[in-house]
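For reference, the chain that follows is the form predicted alone, supplied as structure tokens.
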Amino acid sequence: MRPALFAAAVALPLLAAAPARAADPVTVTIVAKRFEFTPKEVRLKAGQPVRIVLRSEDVTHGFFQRELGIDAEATKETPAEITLTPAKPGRYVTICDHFCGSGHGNMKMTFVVE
């Protein structure tokens, strides 16, 4: 058997047996600015990995959502990155958990997992 033919005969069964590649994460960018997150709502799919990039345009902002396991902080100089795979459909309200001024209490956004 020729070397190239032998290599193909060995490699093809190995490629066929390789596990399926996990889905690439979807990237969502969220901008925090006194006193709002933009966008205010993001739709995700259960089981789909997502990479969230949180950028701040002014001061330090927190980004917290217990059920999705999100607890991050972004400054104007340093964005935060969170990677997660939401498991369960639902509406998940995320809040700023670092006091950022008088409108801080209303700084929220929602992940809708379908």
Partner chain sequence: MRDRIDRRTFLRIAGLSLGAGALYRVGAFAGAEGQDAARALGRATGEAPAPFTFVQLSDPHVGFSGPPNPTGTQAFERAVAEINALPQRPDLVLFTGDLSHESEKPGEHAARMARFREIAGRLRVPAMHAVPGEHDAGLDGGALFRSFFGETSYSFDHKGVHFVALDNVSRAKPEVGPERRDWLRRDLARFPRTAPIVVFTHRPLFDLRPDWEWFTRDGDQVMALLEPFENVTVLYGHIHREDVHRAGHATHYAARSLIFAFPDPATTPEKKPIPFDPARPFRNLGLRRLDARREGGGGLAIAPTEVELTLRKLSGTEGFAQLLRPSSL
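Numbering follows the first chain given and starts at 1. None of the values given here were measured: they were computed from a predicted structure.
If you look for the form predicted together with the partner chain, you will not find it shown, but the lines that follow are about it.
- Site annotation in the predicted complex: the residue of L68, V50, A72, V42 reaching within 4.5 Å of the partner chain with a heavy atom is A72.
- Contact between P86 and the partner chain in the predicted complex is not found at the 4.5 Å heavy atom cutoff.
- Contact annotation: G62 falls within 4.5 Å of the partner chain in the predicted complex, judged by heavy atom distances.
- K33 falls outside the set of residues with a heavy atom inside 4.5 Å of the partner chain in the predicted complex.
- A residue is said to contact a partner when one of its heavy atoms sits within 4.5 Å of a partner heavy atom; G90 fails this definition for the partner chain in the predicted complex, lying far away.
- Contacts to the partner chain in the predicted complex (heavy atom within 4.5 Å) from stretch 87-114: V93, I95, C96, D97, H98, F99, C100, G101, S102, H104, G105, N106, K108.
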